[in-house]
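A single chain, nothing else alongside it, follows as structure tokens in the form predicted alone.
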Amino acid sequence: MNLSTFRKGGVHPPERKEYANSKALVRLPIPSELVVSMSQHLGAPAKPIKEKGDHVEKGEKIALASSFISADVHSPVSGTIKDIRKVTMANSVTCDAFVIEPDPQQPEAFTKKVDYQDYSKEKLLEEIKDKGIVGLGGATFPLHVKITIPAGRKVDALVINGVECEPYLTADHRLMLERTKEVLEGIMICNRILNPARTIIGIEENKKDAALALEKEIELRSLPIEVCLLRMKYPQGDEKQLINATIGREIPSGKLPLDVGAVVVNVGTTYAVYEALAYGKPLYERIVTVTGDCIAQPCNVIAPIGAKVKNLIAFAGGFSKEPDKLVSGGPMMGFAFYDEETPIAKGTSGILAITDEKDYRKSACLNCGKCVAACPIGLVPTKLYSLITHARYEEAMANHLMDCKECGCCSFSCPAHLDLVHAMKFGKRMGRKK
């Protein structure tokens, strides 16, 4: 089989998906306390509209989008707001959060089917915005903003991201296997809004069972959707690389997917779109992969937003051994953190508890060029690293530092074990200040 992939760079980290991949989705019991942050999305934090002591219902709006790039936040349970306090998320963002004590009895909610087939494009977008839908692939960009196409622009291809190329993570894989019809219905809702010439689902070859399940349902319902099986290579789940792999177009420096006629939506996001339109359900829960060599019973958990990391780890059997590191997300682009009281958010795709395999010792740059060969953007990480460590931030910016996706390919491939990605992040912050 001739498999597609992106053209430049990329690496092949160990998959480690076997830990949680074979088990069906399970639902986390409602914890005794939920901490729902106001920063559940890319952009400005939402503005609270409830106060301490208020009683809220499951799915009720508790915070409103505060700017163009922002999203509403909803309560994941029926309960009482015990407190409003500052919380630090796994990505080090500090923001306000509602501390909610759930009621002993939770009502059945969002089980009645809604007939949305006659909704206009504007009504569909309004519902997506109202339900707080953001990208669940990690970036958490508000979906209503992404799929509102300016006048005069046209979408040639709607590309659905079913790649899940990060090691350990299997949430999207299980979703495609167990909620096949619902995912496809969510894709068709996005299709109605965007009216693209083509709709393509990109899936890596290690998920052939999901690809076959989707193809079978697509053929059965005669849907205008293509399934594109891709060669395994990281970071194929990134928008730029996925567009290059599926439709062969390359996004120029500083441009967006829409500039080459494409829009990318994650499969988890399409499922959230389906639930929002078919049942009027806001985005207040998501699938989280709880895994790693230190987790006793790795699994994929449907968890309410605001559940604490310790709740998910306890549900997965606790630690089988003491971890060296906790990671929110995947090991390549995720965030290491230490506090098990940290709550999950809409963008939390995984919780990893892992041990360090080796005690790596950093050395001087060898000028071997492996980071250059691995960079999917075509940058020269070793040059950027040198400029940043010598505080030459303006020169680093002039050498396209802002194009760096912080994917970690350079650090993964570096035999000197240099902190290349950390340097890029620091260089960006300093460059913006300059």
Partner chain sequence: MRTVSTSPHLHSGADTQRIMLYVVYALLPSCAWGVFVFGLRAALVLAVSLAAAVLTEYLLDLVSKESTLWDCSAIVTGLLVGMNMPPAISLYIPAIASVFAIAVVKWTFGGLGANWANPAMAGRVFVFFSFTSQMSTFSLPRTIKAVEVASQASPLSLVKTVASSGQSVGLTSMQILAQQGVATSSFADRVQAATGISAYNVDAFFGNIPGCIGEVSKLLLILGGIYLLMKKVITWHIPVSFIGSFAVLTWVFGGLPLGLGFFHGEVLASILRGGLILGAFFMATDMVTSPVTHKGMLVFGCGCGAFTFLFRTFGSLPEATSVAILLMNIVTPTIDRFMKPRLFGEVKKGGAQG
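Numbering follows the first chain given and starts at 1. This one's a predicted model, so the numbers in the text were calculated from it and none came from an experiment.
Below, we turn to the form predicted in complex with the partner chain, even though it does not appear here.
Site test, C95, K154 and V263 vs the partner chain in the predicted bound form, non-hydrogen atom cutoff 4.5 Å: Answer is no for this spot.
Q241, heavy atom within 4.5 angstroms of the partner chain in the predicted bound form: Although the partner chain is absent here, Q241 would touch it in the predicted bound form, with heavy atoms inside 4.5 Å.
Proximity of S386 to the partner chain in the predicted bound form, heavy atoms at 4.5 Å: The answer is no: S386 has no heavy atom within 4.5 Å of the partner chain.
Partner proximity in the predicted bound form: R16 to the partner chain, non-hydrogen atom cutoff 4.5 Å: Yes, R16 sits close enough to the partner chain in the predicted bound form that at least one of its heavy atoms falls within 4.5 Å.
Distance check, A20 to the partner chain in the predicted bound form, heavy atom within 4.5 Å: Result no; A20 lies far from the partner chain in the predicted bound form.
In the predicted bound form, the one of C299, I251, A211, I218 near the partner chain [non-hydrogen atom within 4.5 angstroms]: Exactly one residue meets the criterion: I251.
Listed residue that, although the partner chain is not shown, lies within 4.5 Å of it in the predicted bound form (heavy atoms), from E126, E101, D324, E182: After the contact test, the surviving option is D324.
Segment assignment from 107-115, 342-350, 243-251, 270-278: heavy atom within 4.5 Å of the partner chain in the predicted bound form: Only one stretch passes the 4.5 Å heavy-atom test: 243-251.
In the predicted bound form: members of 399-423 within 4.5 Å of the partner chain, any heavy atom: N399, H400, D403, G408, S411, F412, S413, C414, P415, A416, H417, V421, H422, in sequence order.
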